[in-house]
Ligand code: SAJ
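Below, in structure tokens: the form predicted alone, a single chain.
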């Protein structure tokens, strides 16, 4: 496979746009397709609609040179990357309608020898299902189009680096498809490319995030126990981790994001009887979010009883993890909404230093909120918060270890 190929990426979100920009950086012409006209217009101006270090530089340079463009229509190509969401439908069942819709949009323009790669998180068997869909609609392409699954495994805030340097797991519907996909990723990935089959690659993505969810659930459950036992969970974990074979993670206010809070349900939905620990971890991490919201409500009531007035409350952090702007599946955002629903005219300061302005939520600068609030609830350990001094005359609820690091 040479750099004379063309690529169409369907989906220009947190993974699709950086991937497209990286491919363009390697001298390959890429057209990104997205249904959102605002996203398309933004990219074609050489700008970005998400926050990710280094991404703007890549996009501006390669839009200007013509290697990267965006459209609301699917363009013919040699390689098609499917990078669309896979949300839930009822009862936490995965919804692959976006993946199917993306495939249906390219079926009319597929030609012999094209390579189709699904990067969207998907239930086991999705790639085979897509194969059947393509070959049913275009029987003349049977065994003449290559199809593979290759999940992303990048960390927001480090996407441009990790897209290049992380290992990738690549599984095709057959050996030749796997090899074709590996040949493609070799054009821009320096990490090791691990060959497997599509079903294993699909399960690998789910397994990685379910494993992390279970580890976080242990830390969160431990924090609940320590709260009842009157033990400083942060100090406890620090001491326990002195053991050479123990590495307990830090607790938080739940689990969010488009991967860890979502992917385990893909396993639980298909294998409910077998995935007991995975399912319980999801319950534990969800419960921690409810518990934090209840703790803040109780602090509000205690303040009112003690001072004869309702406190002003600062909700510090809305993103699903530190130092990013991503609110998807964010437990902090859920907690903020619960507190606001019961505000009854109380002053609530919402703080997210990584977002300048939000269409719905009114945001306050973190220093202003911290100074003016009576009750301060740290939900996300953003770096900015760690520069604040602990003020003793405030009710400070540190659910993420801002003052414990």
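Positions refer to the first chain, counted from 1. Owing to the predicted nature of the structure, the values given are computational and were not obtained by experimental measurement.
Beyond the structure shown, there is the form predicted in complex with the ligand, which is absent from this document and is the topic of what follows.
Exactly one of the stretches 181-189, 266-274, 316-324, 225-233 approaches the ligand in the predicted complex with heavy atoms within 4.5 Å, and it is 316-324. Here the marked residues 312, 375 and 388 all miss the ligand in the predicted complex; none has a heavy atom within 4.5 angstroms. Although the partner is absent here, residue 237 lies well away from the ligand in the predicted complex, with no heavy atom inside 4.5 Å. Using a 4.5 Å cutoff between non-hydrogen atoms, residue 174 does not count as a contact of the ligand in the predicted complex. Contact between residue 94 and the ligand in the predicted complex is not found at the 4.5 Å heavy atom cutoff. The closest non-hydrogen atom of residue 133 lies beyond 4.5 Å of the ligand in the predicted complex. For the residues 278, 260, 77, 82, the 4.5 Å heavy atom test against the ligand in the predicted complex is passed only by 260.
Shown without its partner, this chain lists 295, 158, 212, 194 as candidates; in the predicted complex, only 212 has a non-hydrogen atom within 4.5 angstroms of the ligand.
Contact annotation for 139-174: residues with any non-hydrogen atom within 4.5 angstroms of the ligand in the predicted complex are 152, 153, 154, 155, 156, listed in sequence order.
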